[in-house]
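Given next, in structure tokens, is a single chain: the form predicted alone.
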Amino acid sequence: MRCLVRSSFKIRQLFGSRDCSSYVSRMRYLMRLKEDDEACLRALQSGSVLLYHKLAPLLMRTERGMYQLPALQATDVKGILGKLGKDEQLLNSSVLIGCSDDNVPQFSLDVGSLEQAAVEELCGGVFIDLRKAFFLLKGPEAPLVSKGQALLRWHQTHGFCSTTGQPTQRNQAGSQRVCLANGATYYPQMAPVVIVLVSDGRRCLLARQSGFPRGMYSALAGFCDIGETVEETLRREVAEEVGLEVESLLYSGSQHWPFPQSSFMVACHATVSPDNGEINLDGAELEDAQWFGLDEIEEALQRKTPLRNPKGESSVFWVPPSYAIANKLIQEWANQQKKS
């Protein structure tokens, strides 16, 4: 049997020509805000704030018909709260999510206790479900809004200690929660998932679940079990879902994925023998799985939106959009095929 892991991880230049000194200072600044409640509270007063309503982010439509995140400052949010007759102290429940290149601290705040339409009118925007917002946002805005929602969700679901049952208290930045009864500290967590594009050398394997939009196929994916390595999870998932045995794998990249709740996607390419490529589908998780050639993949990658029939359903094969790491895996495979 050939070795499962082939010199796994690619070495690559991660950040181009980024000014490392400014990056380091920004990370040190964020670390200080997480450790110093007073400093974080002061930073909030001059920071930018992403608003959510029951975890749906606020977006603003541009003159060109696109969507973007509104550039709200803390003073803007205080004004909105005041006009709605709410205590501006609600702003202090904001969660730190990052820092811009200009060293402006960024926060997220859920205003689900306020009337949605009233907030939308005052902000000139609309609260949109995150799954839909991902299709509308461009560049770095999608991962930023994803991180903001993930942290807000974690705080909403971790208000009590799992040992004592007593309430936990967050720090100002929202980077941790502490049980006052026993001192236990809790940190936001992500669930590791392996997503893998399987190839037999000239074709790649894509599959779909019943809950996928009609016509969309994607790479195989599955959660890591406790005690498993990435390699073990990948091999098991491919065997379980499509009945194939992986011979080698290559790491590609990673991505935070907010669905279903704060997943951490570890993306890999895997190869199987072309002599043992018969798909044996596990109907429990997948609705269908097929091998696709380069021509089919290139056509699918060129479709920015799927073609629709009169009922509004997709009538052709298509792949996840560019913001999804599955798309990156598929594009990498296609590029490699064209070189060989």
Ligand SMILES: NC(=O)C1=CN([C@@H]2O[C@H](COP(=O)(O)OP(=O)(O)OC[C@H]3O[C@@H](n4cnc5c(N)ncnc54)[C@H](OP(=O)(O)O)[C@@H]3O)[C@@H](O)[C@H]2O)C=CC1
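Start at 1 and count along the sequence shown; that's the residue number. These numbers were taken from a predicted model, which means no experiment stands behind them.
Another form exists, predicted together with the ligand; not displayed. Remarks below refer to it.
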Assert contact_stretch over 162-170, 95-103, 258-266, 117-125 against the ligand in the predicted complex, heavy atom within 4.5 Å, equals 258-266
Interface check vs the ligand in the predicted complex: of S175, S252, S218, S199, the one with a heavy atom inside 4.5 Å is S218
Students should find that, of Q189, S248, Q209, T75, the residue having a non-hydrogen atom no more than 4.5 angstroms from the ligand in the predicted complex is Q209
- Exercise: E231 in contact with the ligand in the predicted complex, heavy atom 4.5 Å: no
- Do D110 and the ligand come within 4.5 Å of each other in the predicted complex, heavy atoms counted? no
Exercise. Quick one: is A326 in contact with the ligand in the predicted complex, heavy atoms, 4.5 Å cut-off?
Worked result: yes
Worksheet item: Using 4.5 Å between non-hydrogen atoms, is P143 touching the ligand in the predicted complex?
Response: no
Taking the ligand in the predicted complex and a 4.5 Å non-hydrogen atom cutoff, the residues of 134-150 making contact are none
